[in-house]
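This document starts with one chain, in the form predicted alone, laid out as structure tokens.
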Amino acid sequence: MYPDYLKDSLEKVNQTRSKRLELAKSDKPVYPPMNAAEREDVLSKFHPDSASAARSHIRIGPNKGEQLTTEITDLLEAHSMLDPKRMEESLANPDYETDMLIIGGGGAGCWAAITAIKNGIKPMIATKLRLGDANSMMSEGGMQAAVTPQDSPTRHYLDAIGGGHFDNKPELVRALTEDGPEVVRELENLGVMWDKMEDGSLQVLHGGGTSHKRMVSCRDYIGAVIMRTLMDEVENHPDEISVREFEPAIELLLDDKGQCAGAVLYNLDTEQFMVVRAKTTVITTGGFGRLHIRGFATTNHYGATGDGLVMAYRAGANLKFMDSVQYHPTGAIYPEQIAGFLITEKIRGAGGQPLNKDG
């Protein structure tokens, strides 16, 4: 069933299993912790971001002179597919006008639209694929929020800041951790059925880097459950939320003050450009896993190609953390048809042990 290189590895894993399980039951660490020098040595030798071609200096724009992930640098330095001279007439006569343009139709985009209509704003969602075709749909293990009496947003904040080696943007981490419990409640009110204990309280599990159990879940389908719920809510308000599918934004538009005033969309069916004039524009386009950084397989959705980063950069946004990539440590490699398929973090939280090919 398995190719020879996998058979050899699996045999070695089996040979070490009894010893590892015995250690796991004791108080002794299965793997002795590394000191700082040992960790740096391993990262410099083996981590993909440490390879000689992994980063390159960008020559233009707000991040000029910084070292960014090479594939990102190539995108940011590429030419636009638009001819500015041909767009002047279109800018004067936009195809659409809206209070709020939301670029991206995943979890963040749908949530932004739902929040907008609660505040009396009629938004438009423009998405490259179908509504819900996004990384949000792919999430499996759970999401973290301080929802138990033993936990607090402050503890969550400290875990996140420490897990980010104090390089995080503090105000962003604060917003995420403080809003987390209310987001869980609002999602439940919309119809998300969280895993519960027998007494009706939320079931929480350990996730990576947590000092308390705070991972809420819907079995292993949390992304699909949340995304389906948000999509239903968006589709329940057709008179208030306009959705443009298969019409990705390709450039942001700036007014004479240099402020964002909308975007240019590209219809994938008709190959026509359309101009949207908007009082407010929100980018919710997700990440760039589908660029297959360093040639890796990816657990990302097909639409995750970094479009929002490029548009924002051309409009003058300074990008953060573009010198590194998140490599998920557990994904399928066999059979080839599912290479890159996500194996949830919950497996490691439940005690799963990552091993090398020698067991």
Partner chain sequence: MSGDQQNETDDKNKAVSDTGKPEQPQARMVTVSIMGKPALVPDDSTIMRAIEYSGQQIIRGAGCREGFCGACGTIYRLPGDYRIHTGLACTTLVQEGMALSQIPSVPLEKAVYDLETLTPDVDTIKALYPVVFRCVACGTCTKACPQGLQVMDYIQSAMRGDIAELMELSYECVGCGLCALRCPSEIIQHKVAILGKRLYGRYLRKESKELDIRIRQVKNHEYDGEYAELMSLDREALSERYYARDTE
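If you superpose the two forms and keep the largest set of C-alpha atoms that fall within 1.5 Å, you have the rigid core. Residue numbers count along the first chain shown, from 1. All values derive from a computational prediction rather than experimental measurement.
The same protein also has a form predicted together with the partner chain, omitted here; what follows describes it.
Participant: If the cut-off is 4.5 angstroms on heavy atoms, which of these, 99, 182, 83, 95, is the one near the partner chain in the predicted bound form?
Facilitator: Contact with the partner chain in the predicted bound form is made by 182 alone.
Participant: Of these, 277-285, 196-204, 103-111, 75-83, which stretch puts a heavy atom within 4.5 angstroms of the partner chain in the predicted bound form?
Facilitator: Going through the listed ranges, the match is 196-204.
Participant: Spell out, yes or no, whether the shortest heavy atom distance between residue 218 and the partner chain in the predicted bound form is within 4.5 Å.
Facilitator: Flag for residue 218 set to yes.
Participant: Is residue 129 close to the partner chain in the predicted bound form, meaning a heavy atom pair under 4.5 Å apart or at it?
Facilitator: Heavy-atom contact with the partner chain at 4.5 Å: present for residue 129.
Participant: Is residue 257 part of the interface with the partner chain in the predicted bound form - any heavy atom within 4.5 Å?
Facilitator: Outside the cut-off, so no.
Participant: Contact with the partner chain in the predicted bound form for residue 39, defined as at least one heavy atom pair within 4.5 Å: yes or no?
Facilitator: Yes, residue 39 lies within 4.5 Å of the partner chain in the predicted bound form.
Participant: Counting heavy atoms only and using a 4.5 Å cut-off, do 152, 211 and 342 all touch the partner chain in the predicted bound form?
Facilitator: Every listed residue reaches the partner chain in the predicted bound form, so yes.
Participant: Check each residue of 225-239 against the partner chain in the predicted bound form and list those with a heavy atom within 4.5 Å, in sequence order.
Facilitator: Heavy-atom contacts to the partner chain in the predicted bound form: 225, 228, 229, 232, 233, 235, 236, 238.
Participant: Given a core-based superposition, decide whether the C-alpha of residue 64 shifts by 2 Å or more between the shown form and the other one.
Facilitator: Where the cores coincide, residue 64 shows only a C-alpha shift between the shown form and the other one that is less than 2 Å.
Participant: After the core is overlaid between the shown form and the other one, has the C-alpha of residue 39 moved by 2 angstroms or more?
Facilitator: Residue 39 C-alpha, core-superposed: shift of 2 Å or more.
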